[in-house]
Ligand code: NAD
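Just one chain follows, in the form predicted on its own, and it is written as structure tokens.
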Amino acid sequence: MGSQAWGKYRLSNTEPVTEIVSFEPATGAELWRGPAGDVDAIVERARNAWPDWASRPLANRIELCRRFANEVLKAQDQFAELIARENGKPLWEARTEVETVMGKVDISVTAYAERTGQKKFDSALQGTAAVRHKPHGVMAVLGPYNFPAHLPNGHIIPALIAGNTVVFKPSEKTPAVGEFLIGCFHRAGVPSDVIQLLVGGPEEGKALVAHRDINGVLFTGSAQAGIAINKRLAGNPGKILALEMGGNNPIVVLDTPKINDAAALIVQSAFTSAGQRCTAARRLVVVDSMYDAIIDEVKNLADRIVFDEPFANPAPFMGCVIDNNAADQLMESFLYLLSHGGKAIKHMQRPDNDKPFLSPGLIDVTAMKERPDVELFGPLLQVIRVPDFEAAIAEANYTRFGLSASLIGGSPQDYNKFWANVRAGIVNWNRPTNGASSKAPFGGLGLSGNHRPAAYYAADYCAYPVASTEMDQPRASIGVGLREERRRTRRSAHDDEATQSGGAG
């Protein structure tokens, strides 16, 4: 494939920046600006703050996180409006994101107790065996722009509860949301050096990842950036690394009488958040017997989707993509697919070349000889027609990614087969590919992650287990492998003195 068709994967400008400026994607208006942060100074403060934070009682750290949730609650309308303005998503969706930020605290408290709770095993004469968990130290959290509050917060809360200090670098496209999020922690009483904001671009991100005083890197973003981080840290196994990356996610349709419901699930999977979710369906795999009915209904439903600015009335289903560059790249990708064997079912359109609004696109790529295995991060769904279930599973697995997969229709036996054979960290039946529960692990394999799932399992990478055996007094003996002890007759001190005295006479 020509590199010009996949602009998302071009090398970005990595020149150092002194100031970050954020714009509202729906209007182009400047929203926020601020200087790039000093990585060394920020990390040093986090390092100095760590011993005190780690030694605080767990109950105190949890209480401060609960106060954070209360601060978010008090500012929820302002917070949601800011997310909608800086990200471009509809206000209703931004409000849902704020709710997940608050809900993360209780979920993380439960997860910490379950996943990293203290355990003791009495062992009679051998004392007590114990398992406890320690925080790693200073954790770097690198957040994405699509859920600029929820996704980094999913790392931050478990890290703080475990006793780590945190340096959070938001996406350079959503720094205002990052600043607001960190402000809620500080107003709740979390010390300012325990959780800090690092504003910056790619160079600041690279410096943070490589910094000698960073003990862990918790990343959410593209596969390209995640692979670069993985390579950078390959020679440093002492740093914990958790990668949440993207997906080329399949949604497979077998026989079902519920055509309207199936179409709704497909549209939700592909076009919610304007397709800017790592779990969004990128490929619709349909068996022959269902193709015509499903495609007709999906197209009809997609034609009715309202896409508009975040505060429009009535509320839109989806907003814009993050910026004009992303919109340009998605249009280029759509044209690439068309020119290499794809057949348009519903053309992706861009009503205004100066704004990043895109209509949902549907394209049949069955006839393409080589379908690019990339994550097209927007409202573009590729359709692949297959003869049977076996071919559908093979097509679903025809990817280097492995985040999310969903089966629509079929029997319980079909789902069992799908679940057992599809390669993904999230496997659903008659549900969308997106909208994963925070009470379950969230992660994938291949180019989707490094087997460190987040959400409920974030507790696993925020603390490390320490095994101990313990007794209140030393007690030991050696029962084998020693030479026989040579005993001598001990004389009293008086005899010794007499002998010495006689020898002197």
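Start at 1 with the first residue shown and count on from there. Everything numeric in this text was worked out from a predicted model, so none of it was measured.
Although it is not shown, the form predicted in complex with this ligand is what the next lines describe.
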**OP:** Quick one: find which of 338-346, 92-100, 186-194, 218-226 has residues within 4.5 Å of this ligand in the predicted bound form by heavy atom distance.
**Re:** 218-226
Subject >> residue 442: touches this ligand in the predicted bound form, heavy atom cutoff 4.5 angstroms >> reply: yes
**OP:** Look up in the predicted bound form whether residue 171 has a non-hydrogen atom within 4.5 angstroms of this ligand, and give yes or no.
**Re:** yes
Original post:
Hey, in the predicted bound form, does residue 143 get a heavy atom within 4.5 angstroms of this ligand?
Top reply: yes
**OP:** Indicate whether residue 327 is a 4.5 Å heavy atom neighbour of this ligand in the predicted bound form.
**Re:** no
Subject >> Residue (of 350, 133, 385, 206) lying close to this ligand in the predicted bound form, criterion heavy atoms within 4.5 Å >> reply: 206
**OP:** Could you spot which one of 178, 378, 246, 88 gets a heavy atom to within 4.5 Å of this ligand in the predicted bound form?
**Re:** 246
Subject >> Contacts with this ligand in the predicted bound form - residues in 395-425 whose heavy atoms fall within 4.5 Å >> reply: 403
